[in-house]
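Quick heads-up: it's one chain on its own, the form predicted alone, in structure tokens.
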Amino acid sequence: MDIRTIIAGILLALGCFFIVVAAIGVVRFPDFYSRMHPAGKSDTLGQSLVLSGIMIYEGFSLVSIKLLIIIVFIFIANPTATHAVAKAAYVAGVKPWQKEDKVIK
């Protein structure tokens, strides 16, 4: 095994870890606004790490340039979409969770 394969494997494993953590966060957090955080942050990082791992594994080629463009798009689009959805929920009247609210288990 060469060093490129090892680095690609580490990046893929880290990316998958962050995607799983984001999925768990979406299920575990109590309200809509809290769930938006892992959906926007951890998911963006996980996707970018997975695509970076694929780029490293592929080497420098047209495919890696396309993957880099996709990563840049993800870093711009995911936080923007998360913000827009959260603002739309706020305007629609979705109330944030408060400590005295009951959590349904």
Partner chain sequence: MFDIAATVIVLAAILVLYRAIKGPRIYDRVLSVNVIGTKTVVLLALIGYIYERPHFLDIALVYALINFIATIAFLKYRETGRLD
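Numbering follows the first chain given and starts at 1. Every value quoted in this text rests on a predicted model; they were computed, and no experiment measured them.
Although not depicted, the form predicted together with the partner chain is the subject of the following passage.
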Inset, instruction - Although the partner chain is absent from this view, report whether Phe73 comes within 4.5 Å of it in the model of the complex, heavy atoms only. - result: yes
Legend entry - the partner chain contact at Cys16 in the model of the complex, heavy atom, 4.5 Å: yes
Legend entry - Residues within stretch 11-25 having a non-hydrogen atom within 4.5 Å of the partner chain in the model of the complex: Leu12, Cys16, Ile19, Val20, Ala23, Ile24
